[in-house]
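This document starts with one chain, in the form predicted on its own, laid out as structure tokens.
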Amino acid sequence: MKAPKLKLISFNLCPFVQRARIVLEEKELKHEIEYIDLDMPPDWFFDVSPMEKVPVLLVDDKPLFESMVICEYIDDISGNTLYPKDPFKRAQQRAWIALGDTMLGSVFNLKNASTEPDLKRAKAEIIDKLDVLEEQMTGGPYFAGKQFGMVDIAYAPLFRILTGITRYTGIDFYADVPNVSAWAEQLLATQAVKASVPDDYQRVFEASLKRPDTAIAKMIK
């Protein structure tokens, strides 16, 4: 069967885009990437993204949206699934991915908090959820043990953001979660994860933290 033509519509800072890109890189699937400005998207974007969000994967020019739907589609068409074969374990992993989604929401709130109390509230939410994850770690190096999988892919962009925030502000998210810290370090050293962002990612990320209307900008060293 002929492989479909894949094109990922992306935004350079979006962690959900990074999930899809990691799967594509891990599976070594040929694909194109087009980065757009979400503040000024091209007219055609509204035709392919009913939620007006990225990522969108064009499969033979037909749009597929929502990051985990895209990840699972790529997994389905490429063999050697990134999920466990056991249905219950697979469902459990999807539940942990859902927790990661809520953590990304807390990270968004932290980065965009306009007051110090709002920032502290978002920070506490993140740390509380990292504590929950710490109790689930199996000894690594990945979430489910020795095999790199879909939960790792879902969390890697989150850890990239947290590590970046720590670098610029000194906030230590990992102080009391050594197993999660080791997991994050392992993921960020994984080739597919490193390849999932554009060359200018660090510069754009730093600029996003320095927005003058945010509380986090005041913490930048």
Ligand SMILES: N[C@@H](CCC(=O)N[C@@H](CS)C(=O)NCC(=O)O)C(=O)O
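Numbers for residues come from their place in the sequence shown, where the first is 1. As the structure is a prediction and not an experimental result, all values here were calculated from the model.
Keep in mind that the form predicted together with this ligand is not shown, yet the notes after this line are about it.
- This ligand is not drawn, but in the predicted complex it has no heavy atom within 4.5 Å of Ser196.
- For the chain shown alone, Phe16 is a contact residue for this ligand in the predicted complex, at least one non-hydrogen atom being within 4.5 angstroms.
- Within 4.5 Å of some heavy atom of this ligand in the predicted complex lies at least one heavy atom of Lys53.
- This ligand is not drawn, but in the predicted complex it has a heavy atom within 4.5 Å of Glu66.
- This chain lacks the partner; the member of Val59, Ala182, Leu38, Leu29 within 4.5 angstroms of this ligand in the predicted complex by a non-hydrogen atom is Leu38.
- Just one listed stretch, out of 209-217, 21-29, 196-204, 8-16, contacts this ligand in the predicted complex at the 4.5 Å heavy atom level, and that stretch is 8-16.
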